[in-house]
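Presented below, as structure tokens, is a lone chain in the form predicted alone.
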């Protein structure tokens, strides 16, 4: 089961069976109750994780003391590769939003794997770089883009990450409250509710209790990219 999980994880996908087996054998299983934290912003980056069950929220406290959600993750998502860098600190909180468990490698074990399997080291470098770019893009969005565009991009990102095709659309396969979307896009609950209601009336999405289904990807993409809409 561990090897199957790693095969579904982008960081490990497509690697040789020997490498996957070594990584799976070296992992420990950690359980975290809903509401508890895998790690906190500013803690020493001591472990690398692949979520196995449940869902979790990545968030950051701004200098003004405001919490901003930077991402929502589900099973097979890897997080904390910054643990590969000696002396690094976690730049975000990772909080379980429901009872969850993850495969985890402490820093010493992770370094041994990187030394024994150089392809993992190359992927770790790429992942650290891509996460840095992602954070820069999120900060730029929050600082410069109008709310409707930010919200459209957030929904499209979640659909790409954890979308599940269903009749009439693609549902985001994790609990997603409107308050989560407000914190994910740096706006108010009122603004998110008003925007989602307008999109629902237009047939772009369907929404319910902690549930969002994308019905018209082309129109939401046009909003996200600031393109003319029909």
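Residue numbers count along the first chain shown, from 1. Definition used throughout: the rigid core is the maximal C-alpha set that superposes within 1.5 Å between two forms. Quantities reported herein were computed from a predicted structural model and do not represent experimental measurements.
The protein also exists as the form predicted in complex with the DNA; that form is not presented, and the subsequent description refers to it.
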item	value
Contact residue in the model of the complex, from 46, 60, 171, 193 (heavy atom within 4.5 Å of the DNA)	193
Interface residue in the model of the complex among 177, 26, 162, 68, criterion: non-hydrogen atom within 4.5 angstroms of the DNA	177
Segment that reaches the DNA in the model of the complex - one of 48-56, 179-187, 31-39, 162-170, heavy atoms within 4.5 Å	179-187
4.5 Å heavy atom contact, residue 19 to the DNA in the model of the complex	no
Residue 126 within 4.5 Å of the DNA in the model of the complex, heavy atoms	no
Heavy atom of residue 140 within 4.5 Å of the DNA in the model of the complex	no
In the model of the complex, residue 147 touching the DNA (heavy atom, 4.5 Å)	yes
Contacts with the DNA in the model of the complex, stretch 1-16 (heavy atom within 4.5 Å)	none
Threshold 2 Å Cα movement between the shown form and the other one for residue 211, core superposed	yes
Large Cα move at residue 174 between the shown form and the other one, threshold 2 Å, rigid core	yes
